[in-house]
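Just the one chain here, laid out as structure tokens, in the form predicted alone.
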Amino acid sequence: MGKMHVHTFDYLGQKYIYDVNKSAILLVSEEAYNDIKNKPCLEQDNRSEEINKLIKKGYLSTNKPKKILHPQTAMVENQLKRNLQRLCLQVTQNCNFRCSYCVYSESYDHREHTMKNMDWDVAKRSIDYLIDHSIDSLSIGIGFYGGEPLLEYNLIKKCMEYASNNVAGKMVSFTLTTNGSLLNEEIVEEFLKYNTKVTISLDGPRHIQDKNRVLANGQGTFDLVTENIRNICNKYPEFKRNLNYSMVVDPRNGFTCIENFVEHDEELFDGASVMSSIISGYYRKEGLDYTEDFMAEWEFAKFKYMLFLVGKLSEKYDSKIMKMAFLDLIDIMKSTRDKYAPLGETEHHSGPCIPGQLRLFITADGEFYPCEKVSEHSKVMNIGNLEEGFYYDKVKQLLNVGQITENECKNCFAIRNCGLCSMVADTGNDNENKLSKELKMKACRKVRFQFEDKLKDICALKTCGFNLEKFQVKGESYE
């Protein structure tokens, strides 16, 4: 008998097995746990009755992939020729802010602020490219990205008008991420006209916002942004329906003050969703340290939210930030109750989408990248341009990032719950035309650690009677 494709872990005095093929969490006895953990190749004569019962039910299989290949590899050309779904247009590389952790700042290698703007010819050709390559898409979307995109509002307005007038037979939607300082009545009325979804970057109360998000002259931006948003929302209350906030959390600061700010400032946040993320570590010149205070406050906030989920705390503990942070955990929890087919002979870890299909990033110069998060200085990430179209071989290379860690992926217990894409293996070097196994392995170790942590959280929630059907985000349940 080969080695069982499982992962063992203990939590709160209980022993668990995560079955990779079934995507199921099993509570087992200490005897079975020790046998599986210490002797994962148990022969039939040495198995306990408990283990034999699990095997008869289809658990504890030794089945593992024999080849790592993304299942959509053969569909790359067709999907990129006929099923593009979204563009992200870099309308400018300029910005009126100088945020210390911005990917355009000196803290990162892959971008810098410039005065470069996208001209109308590039924008129009980009929209035409999306329309021509989305025949099979039921709807398409266009996002506007900077720098600060509202510095190029006239171009954005022209793009929305052109796309709306030239898309036939399908819906077109628009999104924009802004620092919020340049929003005015004219812009908001135009956004309402096109039902544009707006995400405002706002990182917390005054002392948090003004520490990292400053004007070019070093002046803080909290009052400028929040007063502008309040005035806009008071005059156009319907605008709140299309308003989201994005908070970049600096782990060198505290967390509780940010959560309290969101929960208590109803004028700003009531009716709007709040997304949070830790400062990006990709392409960063120096490492990012997490303070003990931040980790303690984060874990306490997570603990309170879990108590709320199991009905031990009132609705006032229904944290907007924690709710979004728990979405991935809820998705995993949902998958563990579904019936999964065993892993096939050919598999690839979850995570990569077809680069460019879901969110094609087009720079001000008309170059193609998988999304706006990757390095514009990276040779391996450049997957085409408006002149030549997609480089399909490079797209397939990025899609199959698991091949650079093939043996590790075949044996990994997180293969079905791995969010890694090719960005984690990119050096950002403009002379390098391959992905880094060393960087990929570093990211893999982090994913395995995080996935086990999520499995433990799921066990805690299930033990305390969490009702998955009652978990909702903006009215959508996870039934």
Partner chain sequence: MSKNEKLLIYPFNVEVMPLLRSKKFHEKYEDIVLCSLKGSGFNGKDASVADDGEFIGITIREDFDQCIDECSTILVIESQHININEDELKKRIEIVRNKGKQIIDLRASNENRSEVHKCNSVEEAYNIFGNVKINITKDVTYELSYGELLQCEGLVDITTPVIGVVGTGKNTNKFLTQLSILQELEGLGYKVSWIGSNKMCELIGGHSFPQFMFEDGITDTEKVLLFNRYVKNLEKSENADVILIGVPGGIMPCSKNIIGDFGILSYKVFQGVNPDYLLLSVFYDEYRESFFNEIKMHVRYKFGCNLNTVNICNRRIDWEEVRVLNQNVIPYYTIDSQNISDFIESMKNNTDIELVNIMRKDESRLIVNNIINCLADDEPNLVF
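None of these values were measured; they are calculated from a predicted model. Positions refer to the first chain, counted from 1.
Beyond the structure shown, there is the form predicted in complex with the partner chain, which is absent from this document and is the topic of what follows.
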(message) Can you work out which of S100, N166, S350, N244 has a heavy atom no more than 4.5 Å from the partner chain in the predicted bound form?
(response) N166
(message) Just to be sure I understand the contacts: of Q90, N179, S375, Q357, which is the one whose heavy atoms reach within 4.5 angstroms of the partner chain in the predicted bound form?
(response) Q357
(request) Report the stretch among 363-371, 379-387, 71-79, 150-158 that approaches the partner chain in the predicted bound form to within 4.5 Å, counting heavy atoms only. (result) 71-79
(message) I'd like to check something about S139: if you look in the predicted bound form, is any of its heavy atoms closer than or equal to 4.5 Å to a heavy atom of the partner chain?
(response) yes
(message) With the partner left out here, check for me: in the predicted bound form, does some heavy atom of G271 sit within 4.5 Å of the partner chain?
(response) no
(message) Taking the partner chain as it sits in the predicted bound form, is I131 near enough to touch it, meaning that at least one heavy atom pair lies within 4.5 angstroms?
(response) yes
(message) So in the predicted bound form, is the partner chain close enough to P342 to count as touching (4.5 Å, heavy atoms)?
(response) yes
